[in-house]
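A single chain comes next, written as structure tokens; it is the form predicted on its own.
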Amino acid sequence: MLTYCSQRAVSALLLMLLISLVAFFLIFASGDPAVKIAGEAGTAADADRIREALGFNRPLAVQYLSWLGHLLTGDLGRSIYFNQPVATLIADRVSTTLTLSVSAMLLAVAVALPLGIAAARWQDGLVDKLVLVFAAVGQAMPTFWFALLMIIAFSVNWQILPTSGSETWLHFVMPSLALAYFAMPTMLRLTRAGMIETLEADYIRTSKAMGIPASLILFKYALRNAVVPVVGVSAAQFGSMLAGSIVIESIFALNGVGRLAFESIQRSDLSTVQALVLCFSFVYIVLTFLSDLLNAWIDPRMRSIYGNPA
């Protein structure tokens, strides 16, 4: 297990290094960043002063190594628009985004797993068909559209939930539902498919023949194997929720990291956009790494992928 963990950690670190290269050169993708910062009203002299002050006139390799050195110390740069350290901006808003994403993920798991198990237990029956319709609607409906429908229903017509802000838990109900419904279909379908495949395995038939209770077979033996792919997808979905919070936080006026990304893109705040791309990517990599370790703990056969079956 230790060898597997170390190899996965090395892969994650190498991927982070690659992402840092992409994030660094992203700032130059749309042209000279000094010109972008100077704006339409800026002159060539203004661009030259910005280029000199921010070090854009140095070789790219020197710029990258300097930027990477600051990054390793926690310095994500300074926001041009907000005139604050980017790390401070993110720290001030990250709690809102984490509250939203964690609530949405817990809700998605709490709904998708039982529905997937029920659909597999009564395969091709009424329950299975209703669950598949629920998943199909969730997969086809855009998140922003579902959010707008909830606002019309619960805020405009019935006036039972607030549409904006983050003062109380009620402000997170509709945003969490919108994000959760985005993640549910994939998790639900994987749970259903994994349970159906596992329930048809020979050892499950043997367990039934031995008279083991159906509930024990379903939740102890079958679910343990069926949940392995769901763990990996859940980590990916959580990373997608962090990125998807850009739309949801804008709709519900939540002052989180997603809305900060939206504002930074609108105002061409390149250093903030660069830092947010880096942070979102790093979180995604860490979550994937942790899900791999959890899968290896649940199913030891996963370790054999890296030549460590023990």
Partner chain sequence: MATLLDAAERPRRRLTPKIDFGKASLYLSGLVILLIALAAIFAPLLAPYDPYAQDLLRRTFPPFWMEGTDHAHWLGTDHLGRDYLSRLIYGARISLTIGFVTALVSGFIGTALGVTAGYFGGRVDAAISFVITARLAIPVILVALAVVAMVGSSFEIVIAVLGLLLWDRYALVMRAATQQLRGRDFVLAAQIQGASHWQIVRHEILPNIVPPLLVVMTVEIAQAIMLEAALSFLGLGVPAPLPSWGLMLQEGKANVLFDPWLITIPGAALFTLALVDKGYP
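Keep in mind it's a predicted model, so treat the numbers as computed, not measured. Numbering follows the first chain given and starts at 1.
Although not depicted, the form predicted in complex with the partner chain is the subject of the following passage.
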item: Option from 71-79, 150-158, 84-92, 225-233 whose residues, in the model of the complex, bring a heavy atom within 4.5 Å of the partner chain; value: 150-158
item: Triplet S11, L270 and V277 all within 4.5 Å of the partner chain in the model of the complex via a heavy atom; value: yes
item: In the model of the complex, F262 touching the partner chain (heavy atom, 4.5 Å); value: yes
item: Heavy atom of P142 within 4.5 Å of the partner chain in the model of the complex; value: yes
item: Close approach of L294 to the partner chain in the model of the complex, 4.5 Å, heavy atom; value: no
item: Residue contact check: R121 to the partner chain in the model of the complex, 4.5 Å heavy atom; value: yes
item: Among the candidates V137, A201, L170, L106, the residue which, in the model of the complex, approaches the partner chain to within 4.5 Å (heavy atoms); value: V137
item: Contact set, 195-209 vs the partner chain in the model of the complex - heavy atom within 4.5 angstroms; value: R205, A209
